[in-house]
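Coming up are structure 1 and structure 2: the same protein chain in two forms, each one given alone as structure tokens.
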Structure 1
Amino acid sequence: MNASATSTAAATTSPTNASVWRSQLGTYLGLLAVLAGMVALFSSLSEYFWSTETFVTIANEIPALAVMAVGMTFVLIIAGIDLSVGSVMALAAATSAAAILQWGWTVPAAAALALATGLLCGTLTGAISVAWRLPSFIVSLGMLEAVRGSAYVVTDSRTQYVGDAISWLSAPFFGGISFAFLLAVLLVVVAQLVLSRTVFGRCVVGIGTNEEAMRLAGVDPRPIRIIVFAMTGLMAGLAGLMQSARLEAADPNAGSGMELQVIAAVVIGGTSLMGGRGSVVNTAFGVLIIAVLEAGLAQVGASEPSKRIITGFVIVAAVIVDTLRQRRAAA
């Protein structure tokens, strides 16, 4: 070590924790600014936007997207991708509906079945891509198709009306906020802690950065990869439950195209598709940005073309703002 390095290192040793916190907060600032800007804009455009009701509505709309995005964050960090989440969500909803309606299962049993379905699908995606060392893109694309087909089979290609058996999950519960929302928030917090504070989380980051180095350090990446996909499947299963609680129906077409929305939320949150970098809390901001944008545009009654054009711009602009802020902070 030379002298200057010594002093720098010494100087930064103690304030490390504080500065870590500051820098952590810093990483949220860009996205927070985008979010605040959007809320301000919509509030000025629509008289009812700035209201508890709007925010409660948004809060109750996002859980399904949010929990899938939590799983997807881990998938992207290991440099994978899971295109099947939308289909898995539909299948999970469909199996629970079939369990309740056709096989007369109790609601908890049916809910467990939905979760198990998601877990199984995710495990399959992970196991196939690990076993044959295939890109998860293609495996999950195959799953997207196969699982969607299964959802058609299970629902008999008809929307299954479930009724309010499981609607408590999405029913207003505390100041209008649903249980599903609280669950989603809890999952975001837990997942962030798992990512940054557990051995598993550190292995996930390491595998995404340099799988070979991790392997040489004695960490077998295969089970970890499978677990990440399995958990994402589980999250999609949970999302399916949340969705069918909200719709009181299992729609075989539910969540089609949703994979891109989920990935967009994660990427807006700054997680890299190349792996090794990501944050669940930032993903949550990405989810909020997408949800606020959608709600705001619907409320101001934007025409369909302008909606799409604005959405496109906002997605890119959000990432630009965030990127520039991160770079400025790094410099």
Structure 2
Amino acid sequence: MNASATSTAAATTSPTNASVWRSQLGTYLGLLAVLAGMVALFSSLSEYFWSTETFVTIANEIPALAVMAVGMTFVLIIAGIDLSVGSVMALAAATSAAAILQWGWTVPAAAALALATGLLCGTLTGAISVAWRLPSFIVSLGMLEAVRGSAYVVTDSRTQYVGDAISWLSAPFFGGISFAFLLAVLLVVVAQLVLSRTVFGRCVVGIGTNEEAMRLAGVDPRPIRIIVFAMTGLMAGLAGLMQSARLEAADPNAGSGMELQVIAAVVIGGTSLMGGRGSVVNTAFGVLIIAVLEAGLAQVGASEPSKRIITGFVIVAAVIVDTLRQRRAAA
């Protein structure tokens, strides 16, 4: 991968640094304002919301969603999509549980198997999409069904209770905060640095912005696309471990529909569905917004249908606001 060629391609396909920084700052402030407004609203509606217990609970429930959203950010930046992450999470949890309960594996070996399972699934999705030039939407939709079926086969369609074998991952570590949350924060920081400070990150943005320009600059987008999908699968495998640790069980139905939550968090964070623009830090804000919204609606007694309706409108409103802001910035 040629760094100078990448820089040349990025210069011809990206806005100036000053405009990028202004855009990022506006996004940060906007997401922070939305998050603060939601916290203030639910604190006024429920006397129990503004409490350490509520915030610790939110923090300990979001790691699986957060790490999958990290991978999805990269996928959307290259103008792809991966609908299989929820199913991959379930299969990774299922394989680790089977390794511990049925095959007598040690916990580290079972955890490595879960990560390898996610990595393999993501690699297959990316490789098939690239090799046959198929839309990642279609390939990942097929993987969603195939992987979910595999999770049922591995667990014999029953929840596998692993007990406290990997509960250390979700156990309180500092101030009630779990190690899984701290790991998710670390991954957000590392992924943002990779995206914004490395040649690989510039290539990811360049491919999403103008893939042909990157190709003419001497950068082959195919291996980068495969790596991005592989990384997303790896994050889903890690999410499976986090989910199993929190529930002390591997449920073949786990993560059903979670891919929509993941995509929603990334989109709320301002990542473009058309590719070429995104931030992992902004995605983390999107995860927090969804988590606070769900926790707040639960505390004020909103019904499940009402929660889904409100969440849907919030997602659409976030996309509309971000689109209008980008149009003003480009004008």
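Throughout, residue numbering runs from 1 along the sequence of structure 1. We call the rigid core the largest set of C-alpha positions that still match within 1.5 Å between the two forms. What you are looking at is a predicted structure, and each value in this text was computed from that prediction instead of being measured.
The form predicted alone appears here as structure 2; structure 1 is the other form of the chain. Positional change of Ser272 between structures 1 and 2 stays under 2 Å at the C-alpha, relative to the superposed core. Comparing the forms between structures 1 and 2 on their rigid core, the Cα displacement of Ser306 reaches 2 Å or more.
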